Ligand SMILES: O=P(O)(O)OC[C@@H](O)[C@@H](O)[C@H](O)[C@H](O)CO
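Coming up is one lone chain in structure tokens, specifically the form predicted on its own.
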């Protein structure tokens, strides 16, 4: 349990997107600080803006915003701790003014985000804001009450500017290269459409630090709730489970005060990019490398794939020969050790990270995590064999049927378009990669097209496992 008096904790952070990862990571670091008697003026107020956030609001309300974080060790040991750093939760559709009041309060010095890759509304090819999303379009109507995270941030900044209150820092904690830069560019783009004066204020005065975050946090299962109740006597409507490993590399670029994160293991640095590229191109891209092939081969969990030597060799081959050559030097990191540690983390049988989770929202992930590797390798004349197979395995997965003839539930914001294209893979192997919004001009680059066509054909004719064996 928290060793600190939670009644003495006052809010300093408003966080959009309170899910498993935020509660296993940023909230956990603050809880560590609070247990050391520090950062008691940095309590978190969670905000949900999506319809499915209502359940989180209900659970947090019923539990005084307390929840259990269960660290799952590879040997089966469970290490539970009740976290108390979240001190309030607001479901924005019920009371948007309450959210704005909290964001305008001078005590709120940081607004943080874990809204997933798709929540930044980036056009994957132009890199500019895609304002066609219905939530953004609704917020752009004159006099509209905010409904999106962007809408709330811009309206809160407008009110702070008019009241003479210094701006808060916007801290993106999502898995996006240059997440602070992306947040700044996209929110500023939205602000220019909504309120040019606030856009100017944002671009001149608001800080957006970059950061790299890492902790595997699978979806909470009923079995996790049951184990918590049976083994520890804790009833928790929505506990969080995670692996032992955690990392947070944070750029020291705040507009005002910040918690002393470095006191609990956060790496405060001047340049995050080498660390985030390492993570995105080795960890995140490797998740993509294992999930589609593993699922097609009949596996359903990441640890099953990573206890199979064929796929371990495939992943290490990708990391050594394709991912690593695109990385700059990473200060203080032994990359060879890091890569083997990744395999150990993926192979943790207690985490039970589902391949379905890793296969979800691929259209937001492959273009950011893997295709930059492909493009850099092509530009340097280096190999792309395994990366091409990963893209082909995504195309095969998106057909919606596995190698045993069982249906696959494709989860993606572009699901209908992806599935429709993928179902023509046999007669037109290039149809899936012919979407320039996702793949740019790769479909016209023979250096990519030739091995891709062969990989798609092989996946159909001999299956995932035999295709990997044939590399």
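Numbering follows the first chain given and starts at 1. Every value quoted in this text rests on a predicted model; they were computed, and no experiment measured them.
Heads up, the form predicted together with this ligand isn't pictured, but that's what we're talking about next.
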Problem set entry | Triple contact flag 281, 320 and 382 to this ligand in the predicted bound form, non-hydrogen atom at 4.5 angstroms | no
Exercise. Thinking of this ligand in the predicted bound form, which stretch from 211-219, 95-103, 78-86, 323-331 has heavy atoms inside 4.5 Å of it?
Worked result: 211-219
Exercise. Is the gap between residue 377 and this ligand in the predicted bound form 4.5 Å or less for some heavy atom pair?
Worked result: no
Exercise. Is the gap between residue 357 and this ligand in the predicted bound form 4.5 Å or less for some heavy atom pair?
Worked result: yes
For this session: Please run the contact check for residue 190 against this ligand in the predicted bound form: heavy atoms, 4.5 angstroms, yes or no?
Result: no
Exercise. Any chance residue 292 has a heavy atom within 4.5 Å of this ligand in the predicted bound form?
Worked result: no
Exercise. Using a 4.5 Å cut on heavy atoms, which of 108, 124, 112, 175 is close to this ligand in the predicted bound form?
Worked result: 175
Exercise. Only one of 224, 155, 117, 251 has a non-hydrogen atom within 4.5 angstroms of this ligand in the predicted bound form; which is it?
Worked result: 117
For this session: Would you give me the residues of 363-391 that have any heavy atom within 4.5 Å of this ligand in the predicted bound form, in order from first to last?
Result: 365, 369
